[in-house]
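Next up is one chain by itself, shown in structure tokens, the form predicted alone.
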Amino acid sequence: MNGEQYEPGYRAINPMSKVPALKHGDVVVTEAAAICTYLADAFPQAGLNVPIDDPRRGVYLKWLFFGPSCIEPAITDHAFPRKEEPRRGMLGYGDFDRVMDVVAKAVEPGPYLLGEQFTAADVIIGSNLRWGMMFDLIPKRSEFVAYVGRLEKRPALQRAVAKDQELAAA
């Protein structure tokens, strides 16, 4: 909140001055999807990853990286339209409505992106949807509201929200 991420000490950790960053032993990982992937693979006993030899691994990885590569730029472009419409092939995500339709179709069957298994991909996509709806940057489609509602019932998210509130109050 005070801009510490722009200080030289933090920039030594992440030259982009972005939060979050993770230091685990001698390993430093930045970018939320990379952090989630790293932690899920480093601690497989938590059940948040899909092992390399599992055929669902490709779908899992797709959703882990769909958030930062499709949802986030689509939200930004939608919230801050360009003066000139970009050439269709220049946007890696296509268009905002298509991104929203693809995500809605993926979360609608539920309970999670990979069915019954909650994974790190749900952390990424869920946080994108939750944040986007919180700030009215993503439509409150029934599929999104139901999916985020399921996520908000998870004890880990409840603990994270409580910690955020404690930090905000401090």
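Treat the numbers as computed from the prediction; the structure is a model and nothing was measured. Residue indices: 1-based, along the sequence shown.
Form predicted in complex with a small molecule: not shown, discussed below.
Between the options 18, 24, 159, 153, the residue in contact with the small molecule in the predicted bound form by a heavy atom within 4.5 angstroms is 18.
Here is the short version: of 113, 32, 123, 48, the single residue with a heavy atom within 4.5 Å of the small molecule in the predicted bound form is 32. The stretch in contact with the small molecule in the predicted bound form, judged by heavy atoms within 4.5 Å, is 24 to 32, chosen from 24 to 32, 115 to 123, 141 to 149, 97 to 105.
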